[in-house]
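Only one chain is included here, represented as structure tokens and corresponding to the form predicted on its own.
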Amino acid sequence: MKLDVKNIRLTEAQLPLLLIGLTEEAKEKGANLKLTGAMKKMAQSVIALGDFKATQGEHSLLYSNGKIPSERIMLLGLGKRAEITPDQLRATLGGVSRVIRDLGVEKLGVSLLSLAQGALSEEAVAEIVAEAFIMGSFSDPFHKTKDLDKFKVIKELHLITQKDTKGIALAAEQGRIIAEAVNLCRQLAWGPPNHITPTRLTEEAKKLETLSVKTTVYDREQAKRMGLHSFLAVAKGTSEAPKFIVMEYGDPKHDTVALIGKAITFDSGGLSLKPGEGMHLMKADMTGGAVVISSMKAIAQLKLPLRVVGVVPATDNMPDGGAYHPGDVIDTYSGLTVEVISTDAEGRMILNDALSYAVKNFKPVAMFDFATLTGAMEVALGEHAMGYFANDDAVADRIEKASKSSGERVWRMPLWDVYDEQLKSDVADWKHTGGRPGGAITAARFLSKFVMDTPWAHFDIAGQDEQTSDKGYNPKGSKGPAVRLIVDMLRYWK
């Protein structure tokens, strides 16, 4: 999507459509609509008729009939002015972006002044508009070959202001970078497993080298020599080549933050085979890896003043004659031994090696991992929030602040050591599962054994990898979760 900022009056714009936001206060006598001339009269007329009340998400399409150079005006309801938040505005704009896209409108202008309500500046609104339209109008035919004309696209988004454009253009560009990273995550997470393989994830990570991201990829034999035994245990049952992907961005003189992403490119459950119903959705069990690769792209494009390391262990989890078994005892990169209870709890097997690898080789000041790890978390929080576990309150505070600015909801879960009782093993240092009670918590407690003293948080993003209908700026499919949360956490890092 082409994105630019125009310093012109709305009445000077010559576009197929102009989008103008109005709050519910617009229907009050003498309300300031932030409009002039013919546009003001058109808006007042439809409000007076009662056809448009400006409730959140309501929209009304008007035709100019030559009264102004632009062909159409779309009035967008923002709700009550006092209740507008950045994420509410982002969701409202994301929803209307699909309405505009499906009209076949390829170019539009957006009035920043009309959307800059309350404490929101035009600069803040510019970033929100860019994010909302790029994420909300996202439509990917993936591998369809017929009826491709149904997949309409907004090609040009013009942000209209009468302020100096420099700061607004910078904010809009940041929004574009972040939104495009989310869309990359969606494409990877929702792609078919015969296409989105460990090798394909490697190719995506290698593309980041053009952004000064050093990318190193270890194959099966190299990983074996390195001692990544837990990662390789999961990969024993697949003929698809596993890849241990390491991405490094930034000057080592800066604080190092590590991002770890689970990338099970297809999860059959291994010998602890999953039921057939719904198994096709296990293509998205690599969403954590997609989150990290996509975030690394945005971080590099934004030129954040940090050193960020991304580690993505990528493999299928398949059952064959060489697959690992329930009851096996596996060595790990950390030196601890693990008793396997279920081969369908494979995510924590590849993550423990990745966490220990990041700690030992990069000594990060903080570390975050992202994984579609447990059905227990999806049951607990549904699709509305990510559960996270933190061993450090300062890390948790960063997460909470980033959640508020990004609009990605999180909920801190307990990480109490009492849950270790469920992980005690008679034959190894730890069992890797603790049974159904507190399943998401015992998974996090298991992972905590591999972070040493590093400040760390684990995000269980199960429930965030699929959406069954269009909502706000999230179309049906993968939400591309946590990318905006990560970027906001790191760009405000101090």
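Sequential numbering from 1, following the sequence displayed. Please read these numbers as outputs of a predicted model, since none were measured by experiment.
What comes next is about the form predicted together with a small molecule, which is not displayed.
Note on the interface: of 191 to 199, 259 to 267, 107 to 115, 392 to 400, the segment with non-hydrogen atoms within 4.5 angstroms of the small molecule in the predicted bound form is 259 to 267. The small molecule is not drawn, but in the predicted bound form it has no heavy atom within 4.5 Å of Gly227. Interface residue remark: Leu373 is counted as part of the site for the small molecule in the predicted bound form, having a heavy atom within 4.5 Å. Within 4.5 Å of any heavy atom of the small molecule in the predicted bound form lies no heavy atom of Ser448. Contact check for Thr337: every heavy atom lies farther than 4.5 Å from the small molecule in the predicted bound form. With the partner removed from view, the residue among Ser139, Gln187, Thr215, Ser342 that has a non-hydrogen atom within 4.5 Å of the small molecule in the predicted bound form turns out to be Ser342. A heavy atom within 4.5 Å of the small molecule in the predicted bound form is found for exactly one of Leu170, Leu103, Met282, Val365: Met282.
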